[in-house]
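The chain that follows stands alone, in the form predicted on its own, written as structure tokens.
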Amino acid sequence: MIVRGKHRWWHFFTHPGAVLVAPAFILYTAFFVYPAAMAFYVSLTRWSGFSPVRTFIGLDNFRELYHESLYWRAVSNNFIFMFGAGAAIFFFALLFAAALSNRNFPGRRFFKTMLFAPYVVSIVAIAVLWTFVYDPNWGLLNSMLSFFARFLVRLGLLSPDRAQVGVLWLGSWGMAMPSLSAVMVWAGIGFYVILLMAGIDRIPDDLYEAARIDGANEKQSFFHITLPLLRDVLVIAISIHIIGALKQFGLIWAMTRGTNYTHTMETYMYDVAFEPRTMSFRMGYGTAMTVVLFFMVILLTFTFNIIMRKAEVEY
């Protein structure tokens, strides 16, 4: 800030506004800017995280990262959560939000509460619950499948030797990611339903009334009024989902401890940096992953917002 006239640039620091902003600026610098700058530096070193010695190795961590297949598998898992689970979340969120925004919908308050309840539950509690559901030996899901298989055997529609059900929901390549995505949808959909309902509630009723007078049905009103006017809310909701999908950690770690086929970027980063199984701590290499994740979050959210950018919706 340059002040013209008799004042000099250092007078900015004695301005009442600067004095008010200073505490927040100091805290922000101390707890965000400085750690972020240190993370960039650590990513260029070979460091265990415990030794006072850091060996500067330049971009070697990033080169190793580029050639590591397990890391790219973790990245692909994040994108499965982003696009696969995201598509299901927003499909059902729009469906439920449109239905529950109708004040004549029976049991409206009950269903709103039931949808939002999983979102306020601890992610670890959700992980424990669904681990019991997915247990291959005595889990609820396999028990139900076994009961159904025995029923088919009694009807003669299934041979007894094929009635043994023991699906490895979290222990096989083909089932682990869909199973975890289903938990993500169940746990997170309530937040997006409430967010979209808030957007729908601020759309003037006059528009729907005019559409009904013109002969539009509910489906046409949804696609030509509700959905276009929810654009700004959807942009915010999808941006939140993108960031959450890229930073997915708690649910995956609590349910699977991060395996070769369920690792995300953050679980693999934790595994590499702290390595509880082999005790081979690689803080520099793990921090390089955080730097890549940082730029990935910025790039994807910025690109998405640029693509979806539009003049503010006016009613």
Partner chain sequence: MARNEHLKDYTPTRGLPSGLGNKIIFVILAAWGAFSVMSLLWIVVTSLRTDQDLFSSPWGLPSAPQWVNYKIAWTIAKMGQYTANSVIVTLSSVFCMVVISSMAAYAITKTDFFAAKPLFFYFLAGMAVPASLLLVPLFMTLKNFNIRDLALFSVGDYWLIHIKDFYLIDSRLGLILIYTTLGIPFTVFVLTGFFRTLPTALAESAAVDGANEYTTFYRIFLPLSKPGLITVAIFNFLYTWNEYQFALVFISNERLKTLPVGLYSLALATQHSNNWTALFAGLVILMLPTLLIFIILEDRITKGLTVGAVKA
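Please read all numbers here as calculations on a predicted model, not as lab measurements. C-alpha atoms forming the largest set that superposes within 1.5 Å between two forms make up the rigid core. Numbering follows the first chain given and starts at 1.
This protein has a second form, the form predicted together with the partner chain, left out of what is shown; the following refers to that one.
Comparing 89-97, 168-176, 151-159, 70-78 against the partner chain in the model of the complex, the single stretch with non-hydrogen atoms within 4.5 angstroms of it is 89-97. In the model of the complex, the partner chain sits beyond 4.5 Å of every heavy atom of residue 83. Of the heavy atoms in residue 226, some are within 4.5 Å of the partner chain in the model of the complex. In the model of the complex, residue 242 stays away from the partner chain, with no heavy atom inside 4.5 Å.
Residue contact check for residue 54: one or more of its heavy atoms lie within 4.5 Å of the partner chain in the model of the complex.
With the core held fixed, residue 21 shows a CA shift of 2 Å or greater between the shown form and the other one. After superposition on the rigid core, displacement of the C-alpha of residue 201 between the shown form and the other one stays below 2 Å. For residue 132, a C-alpha deviation below 2 angstroms is recorded between the shown form and the other one after rigid-core alignment.
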